[in-house]
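The same protein chain appears twice below, in two forms, each given on its own as structure tokens and labelled structure 1 and structure 2.
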Structure 1
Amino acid sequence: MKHKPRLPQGLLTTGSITLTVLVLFATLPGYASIYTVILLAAIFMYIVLTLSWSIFSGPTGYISLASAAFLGTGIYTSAIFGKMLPLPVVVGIGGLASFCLALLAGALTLRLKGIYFSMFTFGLVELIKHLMLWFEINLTGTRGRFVIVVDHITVYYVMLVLLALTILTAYAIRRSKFGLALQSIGEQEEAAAHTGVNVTLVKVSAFAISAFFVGATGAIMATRWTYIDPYIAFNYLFSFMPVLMAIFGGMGQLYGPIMGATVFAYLEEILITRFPYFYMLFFGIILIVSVLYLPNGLAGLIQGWQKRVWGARYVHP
């Protein structure tokens, strides 16, 4: 579907909408309530997590469960360097640390396919968590650290910048040669290799790029958490959440993961505050109903509407 000849008008519309939305968000702290700002920063976090997950996992089909490892690396960076270095540097280091971790992990996991790759990445999260725990207890004699507190507006803007960068990167990759290479790997890895695609390099670098944004997000969001320990930082929910949100949103389009993360995160916020005793029940029901009636996610729903409006795109010969 993605490879129909692209229309410049479509690009123009998308571009102008994106720009308007960005301006709207950039001026938001001026007129919205402070909690809106706090909540949006949290939703941005989920979008960045989901979108950067889909940068790598979307086209290649390698379901990574390493997000929590990258987020946790960023969180720990913030806890360790937060007091010594200026915030942008800390966020950068958080991103770079995750980037390096992903390079290493990526180089090791190349042989693994399917669920084996997924479980390897999951094992990575748990391994880092337990080693960190052991390390802290036996070598530093503590567990847990305080993170320097940063005000909401700063956190919001840093998250907004990260979000914009992630969307731009995801968009650029989708439209680039690199994106084509990634997709060819997902479609037929062996053929891609024999058609000249350096599959190792492409996979590892995509994995590392996506990890960068997650790590940077961890570094900035940790300042909202005040206190962290290995169990808090390397919480495997942050590995599952991006996958769920991306599937929920639909992975075929760029806006799928964005919508998935936004709706998912907002829905959760409503449920845990309005229906705290039945949050899981309602959430579960919504998940099952949506998976039954929206097998291609929210993006599939929207494409369905588009099809109904404009008629079927392809009439096959």
Structure 2
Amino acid sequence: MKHKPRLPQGLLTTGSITLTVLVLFATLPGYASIYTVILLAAIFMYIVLTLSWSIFSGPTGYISLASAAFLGTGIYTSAIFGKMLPLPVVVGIGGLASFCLALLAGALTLRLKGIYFSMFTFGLVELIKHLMLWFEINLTGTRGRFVIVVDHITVYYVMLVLLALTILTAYAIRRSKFGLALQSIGEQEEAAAHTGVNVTLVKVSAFAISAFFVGATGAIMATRWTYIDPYIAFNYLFSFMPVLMAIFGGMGQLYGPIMGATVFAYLEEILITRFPYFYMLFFGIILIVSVLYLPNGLAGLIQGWQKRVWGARYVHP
């Protein structure tokens, strides 16, 4: 008698957990409070920003501070086209606009390395912010725009879809030859080029892919803010927060940035409510402690604990 092949137990467990979590999130608006729905949408936003950042910066080691530029591009896309086009189209245009911006910026600057690349990407945020400010004041006669308002449930479900797509994309890249090429660039870029990797093409492609999800997120989250201007849309904190969250969570595993973003997004909600003038001080302290005592983030801490537990079981069955 032939036996049917069985899937590994670990794969079954992972798939069951993932399916359970997705079903829970998909049905949650039916019984949760509106505050919970709004909070989870904000957490989803930070997870997408952090995971998108780690798609490119994690394996390559290039510290990008351009997240605010891509998010702001998506926000202004929503403000400009939100009243003319259906919401899914606006979200897609926001992602594509950021994708094209990242292609252009990456093609021009990804030959820079280290601090020079980080400085340029942060300068890109300021450049686009002041260009939009000049455009608003001199050509439209205003300093901002009203954004079409979408109900919180719709925002929640769109963010949930974007979150699922970002996780799937990050997972697929990690398991692909493209992901191996990114890792080889981070380990030794010159050696990767000599082995046949098109270094510039790989870096620019990863940079643009990560920007797509950030821009799409900006397009949908703009509907929560009603009114936006260049200082709101291109807030530099959206460039630094993904870096902080990724470092805190750890970039060695896919779940590291997700954990870091979840913890920090929830902390931000609590600290802004209770300590509105000091919450960034707490974030700074957490960052210093993470760098000093958690060099591999929460993911590294969990891996170390797992090794100790399994090691003890192996020695003492």
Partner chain sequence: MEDKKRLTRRDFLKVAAVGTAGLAGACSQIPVTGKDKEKIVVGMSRPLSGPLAVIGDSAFRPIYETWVPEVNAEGGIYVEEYGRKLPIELIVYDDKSDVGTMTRLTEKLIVEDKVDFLWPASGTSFVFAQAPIANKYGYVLITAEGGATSIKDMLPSLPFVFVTLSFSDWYQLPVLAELLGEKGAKTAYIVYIADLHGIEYSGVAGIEFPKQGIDIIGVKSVPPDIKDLSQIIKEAKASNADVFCCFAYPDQVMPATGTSMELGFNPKAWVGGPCVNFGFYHTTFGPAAEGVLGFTSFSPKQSAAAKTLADKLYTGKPEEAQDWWGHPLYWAGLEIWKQAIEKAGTLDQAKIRDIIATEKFQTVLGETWFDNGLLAKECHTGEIGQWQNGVYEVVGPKNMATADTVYPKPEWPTGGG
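This is a predicted model, so every value here is computed, not measured. What we label the rigid core is the largest C-alpha set whose atoms superpose within 1.5 Å from one form to the other. The first residue in the sequence of structure 1 is number 1, and each one after it adds one.
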Form predicted in complex with its partner chain - which displayed structure it is: 1
Core-superposed C-alpha of Y266 shifting 2 Å or more between structures 1 and 2: no
Per-residue C-alpha change between structures 1 and 2, V289, threshold 2 Å, rigid core fit: yes
I38 C-alpha shift between structures 1 and 2 of 2 Å or more, rigid core reference: no
For F275, CA displacement between structures 1 and 2 after the core is overlaid, in Å: 4.2
